[in-house]
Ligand SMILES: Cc1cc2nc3c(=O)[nH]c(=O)nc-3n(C[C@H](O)[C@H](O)[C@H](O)COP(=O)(O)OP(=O)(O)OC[C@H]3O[C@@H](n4cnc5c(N)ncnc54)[C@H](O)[C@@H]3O)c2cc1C
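Only one chain is included here, represented as structure tokens and corresponding to the form predicted on its own.
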């Protein structure tokens, strides 16, 4: 699905709607205007010119049954719509105020469709900070490397009252959820051997704080976190290298789901055909975040949503054509 509609195609799609994008230093792609709403409005406007009927404020309410009658909740009450094919793209469970509350999942469960539990993805990780870190809440840590379970992410994150959040955290979401300890490299641009030499040549009168600031180029936030994560601070060279290059970061699990950008979990692949149609309900397709996959933000998440939507849409059209010939 991604091979047929990947990053290049998504960028072209956005630009074709008059929405320019840019690639950040970490390789992630963002709208130049830093908002998704202009892209959405341009997309909806194009659909209207193509003759698409948009029934706004219609919410599929189940039950999930075989057949061509589908129930929707509207401001005027429940209505039934006849359709030979139905593509459901109802999101995960992390944006309840915008409708993505995962309520559809109960109808799938009642119909026997196998699913995996929703869990928060693209979400901050909780850390029990000491009072020492209070002045640094909201401060970013740039150019760091975060590691967990053999995976690494280089970029930045923000220190929050409840823990850490940001691109470097989201990229390791799956690994961080399964581990109570991550490792942090405050100076990935300096290898351990060179840092060892720098510490060995440190002047006796040079305090550790000044050394970290002047020689290692750690800003105030990084220095505060170095001292927070390694107590007591070691005096030997190897210990100091480890405190800077391999600091232990204890984690207390992800932040609540309603704080997440997206969720993992949903309809499992085994319940779907290669065309994303429910095996148990011919003519009903699933796409987007309601299917069990996850991806980091910064272009990856929306790319997979668009790719699965396009795939399901084309498969649904083929299915409709095939059944019309029977």
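Computed from a predicted model, the values in this text were never measured in an experiment. Numbering follows the first chain given and starts at 1.
One more form of this protein, predicted in complex with the named molecule, exists but is not displayed; see below.
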| query | finding |
| --- | --- |
| is_contact(residue 100, the named molecule) in the predicted complex, heavy atom dist at most 4.5 Å | yes |
| Touches the named molecule in the predicted complex: residue 283 (any heavy atom, 4.5 Å) | no |
| Proximity of residue 265 to the named molecule in the predicted complex, heavy atoms at 4.5 Å | no |
| The named molecule contact at residue 59 in the predicted complex, heavy atom, 4.5 Å | yes |
| Contact residue in the predicted complex, from 218, 89, 119, 175 (heavy atom within 4.5 Å of the named molecule) | 89 |
| Segment assignment from 267-275, 45-53, 32-40, 283-291: heavy atom within 4.5 Å of the named molecule in the predicted complex | 283-291 |
| Heavy atom within 4.5 Å of the named molecule in the predicted complex - qualifying residues of 175-204 | none |
